[in-house]
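Here you get one chain, nothing else, as structure tokens; it is the form predicted on its own.
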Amino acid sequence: MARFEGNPILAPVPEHPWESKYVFNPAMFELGGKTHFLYRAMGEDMISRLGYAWADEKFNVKERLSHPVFEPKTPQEVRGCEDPRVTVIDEYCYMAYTAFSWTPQIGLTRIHSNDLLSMSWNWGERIYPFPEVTNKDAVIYPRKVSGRYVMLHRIDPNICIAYSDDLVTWENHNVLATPREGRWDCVKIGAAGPPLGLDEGWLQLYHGVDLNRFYRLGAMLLDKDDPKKILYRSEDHFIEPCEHYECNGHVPNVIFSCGAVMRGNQVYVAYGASDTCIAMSRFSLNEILS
């Protein structure tokens, strides 16, 4: 894994009260020739809101808005909207996020691609598919599998899988993967961003937490026709906290991703570092598959 020399690429802005303390855990996706980031931000009130920035083809941030684009709006979100993941399906961008009141649960919404590209933040209805279930780390797959939409989510400490016909009602829940005793992912695991579709299957990045509360990233390869079947799972992590911005911050020793994009043989991963700033890294697809 090669880190960008310019890391971190996004940091708190003291002049913006809503993002003056921490910016982290960004959704990352491509649309309209741009790379888009929807990121979690916190200010003095410690309530999570979502900010927006976009980057050029070399991942240089070209524009960053000075105001939040998605804020708490319902009783399920009184303590914030966290950790967005965005999947583009047809003309809409579907966002899964963590709605946080007294316990975290999954929130879902969408925005038309044209509205996102024009920065007109006309979000749709907010849906909570698993009411009052403590749940996080939801990702929606970019296309149907065997005629149904697929979601991964996390009911502690496992990654779970669910299916839907309409992106609203989700059912057929199963545990997909569990922590592994004595490993880097022995305490809990959760999906990173939406998976990358390969000829070999679905490449699903995920984070693992160990007994010392280190957050690292690894990967699974899931069957492309039956994603509840794990073909391979990385024995070791492929990136761990070691740089100063990853080891020191609001929550130290954390690398937490909510999105990645693939260009040719390279996979580019955006991640929150120590719950304080946002960094970028890349790896060779051939290397991770081998």
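These numbers were taken from a predicted model, which means no experiment stands behind them. Numbers for residues come from their place in the sequence shown, where the first is 1.
Keep in mind the form predicted together with a small molecule is missing from the figure; the text below concerns it.
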- Does at least one non-hydrogen atom of residue 97 fall within 4.5 angstroms of the small molecule in the predicted complex? no
- Query: Is there any non-hydrogen atom of residue 254 lying within 4.5 Å of the small molecule in the predicted complex?
  - Reply: yes
- Query: With the partner left out of view, is residue 206 within 4.5 angstroms of the small molecule in the predicted complex by any non-hydrogen atom?
  - Reply: no
- Query: Quick one: does residue 271 come within 4.5 Å of the small molecule in the predicted complex, counting heavy atoms only?
  - Reply: no
- Message: Within 4.5 Å, heavy atoms only, one stretch in 52-60, 231-239, 22-30, 66-74 touches the small molecule in the predicted complex. Which?
- Response: 22-30
